[in-house]
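Only one chain is shown below, in C-alpha cells, and it's the form predicted alone.
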Amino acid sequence: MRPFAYVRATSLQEAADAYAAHPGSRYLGGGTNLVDLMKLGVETPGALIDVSRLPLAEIRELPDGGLRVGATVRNSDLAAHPLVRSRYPLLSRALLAGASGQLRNVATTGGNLLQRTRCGYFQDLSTPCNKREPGSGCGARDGLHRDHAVLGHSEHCIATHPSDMAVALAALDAEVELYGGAGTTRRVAAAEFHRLPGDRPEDDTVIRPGEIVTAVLLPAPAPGAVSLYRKARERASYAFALASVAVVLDLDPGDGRVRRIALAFGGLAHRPWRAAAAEARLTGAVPDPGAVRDAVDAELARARPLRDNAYKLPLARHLACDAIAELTGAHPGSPATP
C-alpha cells in the first residue's frame, strides 16, 4: 500500500479544508469499499480525511413526516430503525439484501451511495478500464460482461452500480444533501445523484470536488401507499444484484387505478434506473397483468444488451411484474383486497 496522510476531521468545515489542502484526498467513513480498493491499488489517495466521527449519525423525524438520515448512520441501524421499517419497508429490505451483516454494521449511508462498481476490469490493474484510467479502453465490452449494463451504457463503460440502497432511494424520491464548504449546502435528487457513463465514466456521481454527503432526506410516504424491493442474485447469501426492482404503489381506493407508481431498477445500468416510461403508462391505468407487462416492456425496449447479458431483460421483467402484482393484491385500494 502506498503511503498516505490521515486527517481526523472534527467539523464539516475542517474536513472540507483538509480536502482542499490535500490534492487527491478521499473522505473516509466506514471504509468497506475504499480500503479494499486501496489494497488493490485502484484507489491511491494522497490523504484520507476521516469523517466517521462527525455528528452525522442521527435518524431524525421531520415535521412533515419524512426522515433525515445522517451520512454516517450505519446500514444495519438504518435497516432496523422502527420508522424506516414501518414507513419505508422497501428501504429496509434493500439494505438487508446488500452485503453481509458484518459489513452492514460498519458501512455508512454516505459510503453506500459512493461505493464504486464491482466490475472485474475496474478492479484489475492489468486490464484496460476507462473508469479507472480514462482513455485506456473498456475490457468488459468484448470480454466477460455477463453481469454488466443493458441500459444507458456507452462505448466507454458498461459497468453497473452495485448499491441496493440507492435503488430504493431512487424509487422513494429521496434527496441527497451535500456540504460544499463555507456553510453552503445543496440537495440532489437521489435518482439523479449517480451518472450514466457517457464519455466520462470516471465520474460516478454529480458530486463536486470536495463536497461531503451529509444526509439523505426521505419524503413523507403517501397515506396507503405500499412498497417492495426484489433482488435476483446468484446465491442466497450476500451477492450483488443481477437485477433488482424497487416499487412504490398507490392505488385509488374507488376504482383500483394507479394514482402514483414509482419504479426503479438496479443491476441494469451505471446508476439506479428510474423507469419513467413504465410509470407514465401505468399512471391512471388498472394494473392488471397485461397492462403491467406492456408498461415494463416499453421501458426495457430502450435496452441494448450485449453478447452475454440479454438474460437480464426477462429477469427484470419478471421481477417488476411479480413485485407490482404482489403490491396490487396487498394495497387497500385493490379490488382483490377484502
Partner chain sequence: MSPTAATLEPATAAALGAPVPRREGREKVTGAARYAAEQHLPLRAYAWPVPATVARGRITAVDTAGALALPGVLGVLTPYDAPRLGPSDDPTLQLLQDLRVPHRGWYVALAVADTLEGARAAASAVRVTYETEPHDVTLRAGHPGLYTPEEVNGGYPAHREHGDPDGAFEEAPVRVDVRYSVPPLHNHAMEPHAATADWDAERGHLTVYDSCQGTTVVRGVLAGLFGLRADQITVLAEHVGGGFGSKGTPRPHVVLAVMATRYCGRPVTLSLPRRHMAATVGHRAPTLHHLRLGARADGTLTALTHEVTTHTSRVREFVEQAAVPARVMYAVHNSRTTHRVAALDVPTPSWMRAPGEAPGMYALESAMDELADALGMDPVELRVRNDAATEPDGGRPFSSRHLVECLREGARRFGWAGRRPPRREGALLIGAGVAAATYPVYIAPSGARAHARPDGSYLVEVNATDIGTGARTVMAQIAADALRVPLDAVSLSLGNSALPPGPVAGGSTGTASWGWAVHDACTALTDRLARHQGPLPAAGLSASADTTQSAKQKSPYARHAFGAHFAEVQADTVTGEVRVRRLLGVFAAGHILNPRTARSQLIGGMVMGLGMALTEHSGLDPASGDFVERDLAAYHVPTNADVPAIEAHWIDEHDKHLNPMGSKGIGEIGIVGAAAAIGNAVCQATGRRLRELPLTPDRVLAALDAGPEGAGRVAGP
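Positions refer to the first chain, counted from 1. Since the model is a prediction, treat every value here as computed from it, not as a measurement.
Another form exists, predicted in complex with the partner chain; not displayed. Remarks below refer to it.
Ala220, Ala239, Ala189, Val206 - the one with a heavy atom within 4.5 Å of the partner chain in the model of the complex: Of Ala220, Ala239, Ala189, Val206, the residue with a heavy atom within 4.5 Å of the partner chain in the model of the complex is Ala239.
So which of Arg116, Arg132, Lys231, His156 gets a non-hydrogen atom within 4.5 Å of the partner chain in the model of the complex? Selected option: Lys231.
Check Pro253 for me: does it contact the partner chain in the model of the complex (non-hydrogen atoms, 4.5 angstroms)? Heavy-atom contact with the partner chain at 4.5 Å: absent for Pro253.
Answer yes if any heavy atom of Leu196 is within 4.5 Å of a heavy atom of the partner chain in the model of the complex; otherwise answer no. No.
Tell me, yes or no, whether Thr127 is in contact with the partner chain in the model of the complex, where a contact means a heavy atom of each within 4.5 Å. Within the cut-off, so yes.
Though only this chain appears here, would Gln123 touch the partner chain in the model of the complex if you measure heavy atom gaps against 4.5 Å? Gln123: contacts the partner chain in the model of the complex.
In the model of the complex, do Arg60, Pro63 and Arg260 all put a heavy atom within 4.5 Å of the partner chain? None of them does, since no heavy atom lies within 4.5 Å of the partner.
What stretch, of 261-269, 212-220, 141-149, 159-167, brings heavy atoms to within 4.5 Å of the partner chain in the model of the complex? That would be stretch 141-149.
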